[in-house]
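The chain below stands alone and is given as structure tokens, in the form predicted alone.
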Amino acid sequence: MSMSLVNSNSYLESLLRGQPRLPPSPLAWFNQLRANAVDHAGRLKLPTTRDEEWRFTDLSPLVRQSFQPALAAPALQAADVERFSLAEAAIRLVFVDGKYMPQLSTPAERLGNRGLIVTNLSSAITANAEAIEPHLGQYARFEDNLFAALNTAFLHDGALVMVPRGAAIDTPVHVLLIATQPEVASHPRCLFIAEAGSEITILEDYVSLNDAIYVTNAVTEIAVGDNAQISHIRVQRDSTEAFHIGNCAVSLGHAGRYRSVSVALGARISRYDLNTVLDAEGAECAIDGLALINGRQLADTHSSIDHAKPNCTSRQLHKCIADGSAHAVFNGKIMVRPGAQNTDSAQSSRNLLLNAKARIDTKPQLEIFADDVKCAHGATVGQLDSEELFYLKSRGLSGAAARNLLTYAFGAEIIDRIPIASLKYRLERTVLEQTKKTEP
């Protein structure tokens, strides 16, 4: 049975008919979590442009498509995914159309990292229930989010990364999520837990082996313990015909540090919601993002940084580059709760239009309910600076070369903040290729 996104009322019903039955878990709380998600999904409606949070993102192209559930993943060989490997990331989890591929993965235990758990969620949930239960489904709330509810309803395989107390992991963990089948809907799930005093770098990498139409509906939950640190790189390079819906929710403990760099390159329509809660004193987050789109792509990023406790710091820089008739959206909200004194927060949205037909909508927001804070935000949308172009041309560069150089530099500022050298190099080349133009 296919999954037809005909309207909001039939969405869940058709999906339930099309999806395979998931095996019950011996854990009552896990089964109850999935049951609650099914119940909430049945009450929710597919968002439309009449909803304020979705007013720039029209899902009607998704509604008109029909998708099969990913019942079985193809048997890929190591050579099929070799081009996505990173020299620095010896620990790797691979998922194909949402299914875990152990033969392509390199879990942490093979490399002698004692105490570090990097494995498939479904195979580890019973043995590690005590550590997982306080986090799974607790940050990415699905009560008013249809896509998070659907992902949780069909929760089975998923990436689990758990860093033990005090451990500093110097090897990046690569979570590689590969789409291979046309007209398929998959629901990838990630849970990253850094216990007190630990450190780790994690790459969440969405790629495709073809240019097909498919749906990726992803949910990631991140728990950063007291004095712990997670560097989280998220790269979305799906097929430019695909649909990508991503939700990420982060909770920070006392003096916890969260560093995020997200890059959106692919998908016909992509939506990424990143919600970060600084839930204890001294927490810090730095959130950077880049959307580089062309043609008829739409990339929508919504972020929320919630200063729930005093003495916390946040920094955010988000950039969009839109060419062709592409449409980029950024909505960034910073909330300072009552009592969250000594908050230090700054947000910047900088956007570059390369074509008169392209469009960028940006909306930075500050909501402050405390009186002793230092907060600032700003947004710019424009074309390449004429004086900078003139300067480069006066130094002998052609008009096209000058435009290419300035556009590349605009995007490379975000790419340069990625702490994995080989990935940074690949993405810099991608930015250079996608922003390159020849003389008319």
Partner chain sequence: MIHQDSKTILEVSGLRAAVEGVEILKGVDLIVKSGEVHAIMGTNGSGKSTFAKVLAGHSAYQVTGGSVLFEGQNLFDLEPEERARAGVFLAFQYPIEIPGVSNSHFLRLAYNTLQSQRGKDELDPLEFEDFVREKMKLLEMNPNFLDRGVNEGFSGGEKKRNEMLQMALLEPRLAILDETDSGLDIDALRIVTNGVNKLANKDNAIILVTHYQRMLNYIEPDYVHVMRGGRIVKTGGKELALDLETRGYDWVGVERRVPASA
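These figures come from a predicted structure and were not determined experimentally. Residue numbers count along the first chain shown, from 1.
Unshown form predicted together with its partner chain; subsequent notes refer to it.
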query	finding
Candidate from 62, 406, 381, 38 lying within 4.5 Å of its partner chain in the predicted bound form - any heavy atom	406
is_contact(residue 391, its partner chain) in the predicted bound form, heavy atom dist at most 4.5 Å	yes
Contact test in the predicted bound form: residue 49 vs its partner chain, heavy atoms, 4.5 Å	no
is_contact(residue 27, its partner chain) in the predicted bound form, heavy atom dist at most 4.5 Å	no
Interface membership of residue 412, its partner chain in the predicted bound form, 4.5 Å heavy atom rule	yes
Answer range among 369-377, 66-74, 52-60, 398-406 for contact with its partner chain, defined in the predicted bound form as heavy atoms within 4.5 Å	398-406
Heavy atom within 4.5 Å of its partner chain in the predicted bound form - qualifying residues of 152-181	none
